[in-house]
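Quick heads-up: it's one chain on its own, the form predicted alone, in structure tokens.
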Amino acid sequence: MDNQKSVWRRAFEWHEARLPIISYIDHAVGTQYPAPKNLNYFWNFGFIAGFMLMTMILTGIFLAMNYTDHTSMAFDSVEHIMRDVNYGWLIRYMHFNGASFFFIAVYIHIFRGLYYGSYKAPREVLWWIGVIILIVMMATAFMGYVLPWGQMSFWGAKVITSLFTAIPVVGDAITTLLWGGFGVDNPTLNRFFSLHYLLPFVILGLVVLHIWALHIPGSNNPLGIDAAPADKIPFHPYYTAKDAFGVGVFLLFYFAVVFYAPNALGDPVNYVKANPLVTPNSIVPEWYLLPFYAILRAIPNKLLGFIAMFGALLVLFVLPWLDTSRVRSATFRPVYRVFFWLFLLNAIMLGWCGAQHPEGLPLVLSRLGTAWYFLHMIVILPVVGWLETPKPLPVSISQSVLKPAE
């Protein structure tokens, strides 16, 4: 037995000397990566988001084996997956609802970063990569929503891609390139299917960069102070066990929707085959894109609405410099904490407005919400950072939990 272990040990060391995969994993999320010992359960959502990304990639690969990217067959191929492929209904519902739960995890991850100041120095590049991941996720999700070729798929693709025509000079050329012709048709579906299959692997590469960028300065923590070596513990087994528990709880909600309410997060109109001659009463994207859709429709001018929608994402890149406070965590920033919760409520309101017809009260609230979004980013954050008097910071993580010596 000892000789057998020795053989396996030598084989492992031989391989690691040439391709140190296990050593890299151990350094990234194992015993060699020290993490602050006070991380709460909001830090689970980064791991949960990665878990959902792998779920989406695996289910997407199996769906692609049975999907046909042709306008005359796409809708029927999805029905074939649901009715004829062994467990096709389960794989499709996992993929369809997985997109929503992926965004839930990512949005919680982002708002956790906003609350605890994880975008501040020295983590600016880490934040940038996270914003890029969000943008690529949105593009991937939008293209995936087109693939079933239902009514909402077709008209959503037509409305959103037509926005690019508002760009001066090059807008028509960009739209024609996206369409593959002069309208949303089979070449459009081919392009979207190819990109929808490719972009998740791009996201996976960005996630690797995101983790790499995280390991340079190390993880932030709820107190927002730099953790001393004595205030850190190995990521494994402490946080791997905690992440496993978090994923388990998250999966309870995920599979509750998959098995008991699989269509609750979708639009029933998309179960009707695409018909270019019949326009739906209301054209809306999936819920995770609704706040940005509300910003788009809040401005009457097509070009300005287009700029505002993308500006709402691009402004996140300069957030580390717009927030002028030297204190990271909102735990010690009573004024900023109030504005943070107002910002979160505003985002939820914009999501509700995006699902309504752009008229009456929803339109008014959309315009107020859009104004508040940019006011918060461009005016409130710098001013509060200058004028706010934060609470005293603890000297160390340990000081905040241990009883002071008498």
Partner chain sequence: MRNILLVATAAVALAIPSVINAAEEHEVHLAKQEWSFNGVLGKFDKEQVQRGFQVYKDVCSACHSLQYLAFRNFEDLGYSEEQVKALAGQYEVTDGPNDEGEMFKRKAKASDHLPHPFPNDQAARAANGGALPPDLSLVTKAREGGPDYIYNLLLAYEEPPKGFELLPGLNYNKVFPGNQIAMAKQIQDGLVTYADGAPNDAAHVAKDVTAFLHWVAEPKLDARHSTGLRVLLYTLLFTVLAYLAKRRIWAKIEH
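Positions refer to the first chain, counted from 1. Values in this document were obtained by computation on a predicted structure and should not be read as measured data.
Heads up, the form predicted together with the partner chain isn't pictured, but that's what we're talking about next.
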(request) Tell me, out of Leu314, Leu198, Val249, Ala228, which residue has a non-hydrogen atom within 4.5 angstroms of the partner chain in the predicted bound form. (result) Val249
(message) Only one of Phe142, Tyr238, Phe310, Trp128 gets a heavy atom within 4.5 Å of the partner chain in the predicted bound form. Which one?
(response) Tyr238
(request) Report the stretch among 104-112, 205-213, 131-139, 321-329 that approaches the partner chain in the predicted bound form to within 4.5 Å, counting heavy atoms only. (result) 104-112
(message) Even though the partner isn't displayed, in the predicted bound form is Pro268 close enough to the partner chain, meaning a heavy atom within 4.5 Å?
(response) yes
(message) With a cut-off of 4.5 Å between heavy atoms, is Gln356 one of the residues that contacts the partner chain in the predicted bound form?
(response) yes
(message) Quick check on Lys37: any heavy atom within 4.5 Å of the partner chain in the predicted bound form?
(response) yes
(message) With a cut-off of 4.5 Å between heavy atoms, is Phe306 one of the residues that contacts the partner chain in the predicted bound form?
(response) no
(message) Suppose contact means any heavy atom within 4.5 Å; which members of 232-263 contact the partner chain in the predicted bound form?
(response) Ile233, Pro237, Tyr238, Tyr239, Ala241, Lys242, Ala244, Phe245, Gly248, Val249, Leu251, Leu252, Phe253, Phe255, Ala256, Val258, Phe259, Tyr260, Pro262, Asn263
